[in-house]
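Next up is one chain by itself, shown in structure tokens, the form predicted alone.
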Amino acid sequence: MLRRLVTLSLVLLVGLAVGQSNPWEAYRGTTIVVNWPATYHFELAASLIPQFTEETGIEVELDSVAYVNMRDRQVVEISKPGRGDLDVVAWVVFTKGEYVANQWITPLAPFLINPRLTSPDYDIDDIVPAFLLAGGKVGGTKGYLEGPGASLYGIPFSPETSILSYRTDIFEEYDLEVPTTYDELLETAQFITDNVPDVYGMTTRGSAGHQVVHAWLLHLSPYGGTVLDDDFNPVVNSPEAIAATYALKTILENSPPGMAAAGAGEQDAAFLQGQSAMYLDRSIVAAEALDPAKSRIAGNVGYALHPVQEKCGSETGGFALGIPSNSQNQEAAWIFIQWLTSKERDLEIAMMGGNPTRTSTHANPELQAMYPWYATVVEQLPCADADWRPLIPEWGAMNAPILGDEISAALTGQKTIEEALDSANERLRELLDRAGYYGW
């Protein structure tokens, strides 16, 4: 490792000695097209692109879309034979397996090993391991966990884990203890709904499809459940999964009216606008709570660990950046990804209120002083569950069409929870059988 660092440093020093202040001068004038979601973190990152162009000479054309439409937009381009129109894509972590299986994205090792493309200061070991695994690695145990066969395809960008955000003013006024277990969480939610005027205990997403599955997964891991066992057998009707679903039902009953049809935006707004007292989901809402254009609760929000039940287990989600296999500007694309996920940029975006990727950024004292929830996130990260959902190519067919359908039926009373989860388990088994998981 020391020899590599010395070699890389010499390469950059030689460039400076001959008057080349930009080690990527050869790419000046190149234009890359970047497709990513129109979300808060990426809006912050977009503000830095003029600085990137000034430093590297590489022009960037942004293609920002609603994240629910992002996969469809990307697949049209990255599946094209020959040249595609996108050079960098930001995928939601659960589409990574599909992209790799279809050979639509390129491995990053050739870029990382090239001293003319990768700075010796990049320090990939500083990226939070759970985020790097969820967003960027494929090929280890079960095909998506860590292991000797794992290869890197993407760098996490706007990764997520879950913490509990809560209204400190309400908790102080009613002398409430911050919940540490799900039993306490559900009891506190019910108390607030019953006793605090015009405020509900919690907020959740409940819209059929991906949104309600996300909400369910938030509770499945802490209850000790998982979607698939180590042999890829679905176990979504286990006692743990049933208990997690009852917990979600109770949370929904203690959320503002209409949350059964809500997505992430509506869930966030219910907390930010003061309609609910607790929010158990993405940590990014903590930054949005400080924005007066979005929030009525600034100065009245506290942060705590994701409650436990059978174990601690929080989300590993968000996005990652990678390079389509049919991009004609792959090296310039890597320079962009590297620059945007460097230590300097990661801290800069976090200081603006974005989601950091790196361990050093989360632990930065100045950041923690400015945004106190990062001390909670640092404590939460060891419990970020790499098997929070199975990141296999079939997840898209498992997610909304099966789990989303059945969980929604359970929450709306069309089926009992047990009936819905038994049906989901059977349908998942049939799907994975057709995909070849049990033919060995």
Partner chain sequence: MRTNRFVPYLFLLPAVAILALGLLVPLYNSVMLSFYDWGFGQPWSARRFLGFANFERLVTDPTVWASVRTTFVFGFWVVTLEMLIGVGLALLLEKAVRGASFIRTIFVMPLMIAPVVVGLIWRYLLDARNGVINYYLTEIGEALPFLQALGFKTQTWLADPTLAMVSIIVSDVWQWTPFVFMIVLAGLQGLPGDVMEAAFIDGANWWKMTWHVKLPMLRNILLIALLMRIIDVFRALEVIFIMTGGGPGSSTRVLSLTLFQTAFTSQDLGYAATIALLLSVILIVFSIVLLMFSNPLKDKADF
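Just so you know, these numbers come straight off a predicted model, no measurement behind them. Residue numbers count along the first chain shown, from 1. Take the two forms, superpose them, and find the largest set of C-alpha atoms that agree within 1.5 Å; that set is the rigid core.
Separately, the form predicted together with its partner chain exists; it is not shown, and the next lines address it.
Student: Just one stretch in 237 to 245, 338 to 346, 157 to 165, 102 to 110 has heavy atoms within 4.5 Å of its partner chain in the model of the complex, so which one is it?
Tutor: The contacting stretch here is 102 to 110.
Student: Ok, S408, T56, T39, T376: which has a heavy atom sitting within 4.5 Å of its partner chain in the model of the complex?
Tutor: Selected option: S408.
Student: Between the options E266, E310, E146, E184, which residue brings a heavy atom to within 4.5 Å of its partner chain in the model of the complex?
Tutor: By the 4.5 Å criterion, the partner-contacting residue is E266.
Student: Does its partner chain come within 4.5 Å of any heavy atom of P292 in the model of the complex?
Tutor: So P292 does not count as contacting its partner chain.
Student: Could you tell me if M259 has a non-hydrogen atom within 4.5 Å of its partner chain in the model of the complex?
Tutor: Yes - in the model of the complex, heavy atoms of M259 and its partner chain come within 4.5 Å of each other.
Student: Does its partner chain get within 4.5 angstroms of any non-hydrogen atom of E173 in the model of the complex?
Tutor: Because no heavy atom of E173 falls inside 4.5 Å of its partner chain in the model of the complex, the answer is no.
Student: Report whether the minimum heavy atom distance between A208 and its partner chain in the model of the complex is within 4.5 Å.
Tutor: Contact check for A208: yes, within 4.5 Å of its partner chain in the model of the complex.
Student: Indicate whether the candidate residues V128, T359 and P365 are all in contact with its partner chain in the model of the complex, with contact defined as any heavy atom within 4.5 Å.
Tutor: No: no residue has a heavy atom within 4.5 Å of the partner.
Student: Quick one: name the residues from 382 to 413 with any non-hydrogen atom within 4.5 angstroms of its partner chain in the model of the complex.
Tutor: Counting only heavy atoms within 4.5 Å of its partner chain in the model of the complex, the contacting residues of 382 to 413 are G396, A397, A400, P401, D405, S408, A409, T412.
Student: Would you tell me if Q103 moves between this form and the one not shown by 2 Å or more at its C-alpha, with the rigid core held superposed?
Tutor: True for Q103: a C-alpha shift of 2 Å or more.
Student: Is it true that V68 shifts between this form and the one not shown by 2 Å or more at the Cα, once the core is aligned?
Tutor: It does, since the V68 C-alpha is displaced 2 Å or more between this form and the one not shown after the core fit.
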